[in-house]
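For reference, the chain that follows is the form predicted alone, supplied as structure tokens.
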Amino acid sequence: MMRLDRLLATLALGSRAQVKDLIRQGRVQVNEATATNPALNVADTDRVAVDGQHLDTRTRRHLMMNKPIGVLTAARDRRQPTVMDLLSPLYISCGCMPVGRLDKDTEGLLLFTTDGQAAHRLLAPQNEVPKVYWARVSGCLTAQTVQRFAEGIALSDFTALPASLTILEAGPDESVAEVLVHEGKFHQVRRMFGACGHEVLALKRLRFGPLTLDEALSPGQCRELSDAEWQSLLGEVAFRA
């Protein structure tokens, strides 16, 4: 249950004061009856409309974004654009937050959810939720690089878990590969390549758990996950404490 005025404000229909005015003006209907009390409690199953237009009253939302290059994964930043600037007021008002982060120079699949507990479990290192990245790097990748990734790579502050490196193209100056990791530490993929003598020239996340980046999404666009997609994502951690 939620107060009617709080629900309308959460759905980004205005400030708390503005939605109270809407209600008192008789412009809000609950289950086809005019509601004039802002403190009225409404349930998930109640039908709510404003000026006769029924609302999608879900306050739990889960999104997939194709994050563009040059945008920070942060709630706010005074100097640079963030992924939150790309969300509609509805998703911000509902409390959607990124699940983990992609650095400024990395693009691709970024998830958002209003479920903080689920986000924590998806990011917990012990759950080892797989992520797949496409990378273009300097130099020629070899079987030796594949082996080093498979063994795990010691970095200055931690040892990266074993990862799967698949070489897609190998040239004398540049190579292209896919990397599957089970961690998500800061600049991890870039640092793993760097430890092998390769600079990452471009990096894009293609998959998070069972979810693959929707090719229909242009950089900066997002869409809501289907119930089946969200449940498949939760299935990654459902059997782990």
Ligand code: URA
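This is a predicted model, so every value here is computed, not measured. Residue indices: 1-based, along the sequence shown.
Unshown form predicted in complex with uracil; subsequent notes refer to it.
- Using a 4.5 angstroms heavy atom cutoff to uracil in the predicted bound form, none of R58, Y91 and E224 count as contacting.
- Using a 4.5 angstroms limit between non-hydrogen atoms, V179 is distant from uracil in the predicted bound form.
- Using a 4.5 Å cutoff between non-hydrogen atoms, L203 counts as a contact of uracil in the predicted bound form.
- Within 4.5 Å of any heavy atom of uracil in the predicted bound form lies no heavy atom of R207.
- Within 4.5 Å of some heavy atom of uracil in the predicted bound form lies at least one heavy atom of Q188.
- Between 208-216, 35-43, 180-188, 48-56, the stretch whose residues reach within 4.5 angstroms of uracil in the predicted bound form through a non-hydrogen atom is 180-188.
- A single residue from the set L122, L141, L102, A135 has any heavy atom within 4.5 angstroms of uracil in the predicted bound form; that residue is L102.
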